[in-house]
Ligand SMILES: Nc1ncnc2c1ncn2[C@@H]1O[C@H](COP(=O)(O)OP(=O)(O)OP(=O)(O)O)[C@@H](O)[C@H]1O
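Below you'll find only one chain, the form predicted on its own, shown as structure tokens.
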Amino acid sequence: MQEFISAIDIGTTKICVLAAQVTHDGLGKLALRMLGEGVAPSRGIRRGVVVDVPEATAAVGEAIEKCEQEGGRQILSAYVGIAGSHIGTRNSRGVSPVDRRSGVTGADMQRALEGARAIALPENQEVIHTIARSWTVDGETEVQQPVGMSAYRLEVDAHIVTGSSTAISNLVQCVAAHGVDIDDLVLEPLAANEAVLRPEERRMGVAVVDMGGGTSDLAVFIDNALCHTVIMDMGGNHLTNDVAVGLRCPFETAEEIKLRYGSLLPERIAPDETVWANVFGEKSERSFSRRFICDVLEARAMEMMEFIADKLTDAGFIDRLPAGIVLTGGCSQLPGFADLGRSTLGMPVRVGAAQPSLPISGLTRNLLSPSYATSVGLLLWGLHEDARAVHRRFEADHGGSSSQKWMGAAAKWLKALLPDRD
């Protein structure tokens, strides 16, 4: 288990670097204590993909330096978020024989996952994640945790996430240039889910939509398992661009207007309320109807909601989400997004952010906003992944004994390994 965990979220509009120390909460469970955060404007990134390596590398460096200065320690490794239109997903199955005398072990599960991972891919694609959706033990389906079960044959239904080798290499280069090792590349909606979803939502069926500047990432969870992911080529910049075209003003001006005056509930805006802005070809500002601006934003946002509905319908999940949709990311903060989603999709919709109840102390007010849900989620993913790695190593060293014996011994080993609670 690492003593410190860091996260790097490289987005289209901003780059966020977080550092935290592994500790315990009041009940003795693993937790994190925030040490520092660093945020820098994103450069060289378009729609979640690095398009200018030197510019992106410099921007990542700025965020890392700010985090190191605030946290008082050097960042040596980090969990790095990845997204973009190059991401692809598919489902696959893997099989492993089991020694009935010892029951299903972590090694058996790993072999089954490796079998699922062995799929034919184009030359320019590589696997980022192999995630178990469910397990089958000797024909018994929908098993969530097979360790310790007596069996002859173990099968896994896995969700495979792939990405462009070139895009991955460029992203890694931007981080490695600063002497930071990558603990793992994490699909951003997987990270966001760690921060914003409630356990009962994941169990019943829910979709999380991480709405960034260049892309929106959709992930569906049912029975606590990831079932489906889609990277959609739409985000907050599309809303801003519509305002810029409608007002014939610079993109930066449109972004400021969107953030300051934007709403997806134009009927609540007074008809005579005006907004002043600089436009192309004129030296002085012009006035515009705020309701007109909000009408433009509402039209694009409704199109985005309908696109999400189409993706869920095509994948067969539109009627399997009792918990509805959780929107997060900077774009989701536009007033009225949840209301528009509920009226358009006819299902529960809420805006999600990192909650104070998460096992992370010292979260600032900024980090508790939807804009930073993925960044906080990367820290949580790192904490959970480290714990899983410890369990896997323990089982490999101790031959995969029964589940009760394994859990008790692993708990003692973790207690000895981790620092004392503050």
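So that there is no doubt, residue numbering starts at 1 and follows the sequence shown. Quantities reported herein were computed from a predicted structural model and do not represent experimental measurements.
What follows is about the form predicted together with the ligand, which we do not show.
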Give a yes or no for K14: in the predicted bound form, does one of its heavy atoms lie within 4.5 Å of a heavy atom belonging to the ligand? yes
Is G48 one of the residues lying within 4.5 Å of the ligand in the predicted bound form, judged by heavy atom distances? yes
Decide whether G329 counts as a contact residue for the ligand in the predicted bound form under a heavy atom distance cut-off of 4.5 Å. yes
May I ask you to check whether G212 falls inside a 4.5 Å heavy atom distance of the ligand in the predicted bound form? yes
Of the candidate stretches 306 to 314, 135 to 143, 233 to 241, 276 to 284, the one with residues having heavy atoms within 4.5 Å of the ligand in the predicted bound form is 233 to 241
The ligand isn't shown here, but in the predicted bound form which of T162, S85, Q333, T344 has a heavy atom within 4.5 Å of it? Q333
Have a look at L259, L265, A176, V245 for me and say which one sits with a heavy atom within 4.5 Å of the ligand in the predicted bound form. L259
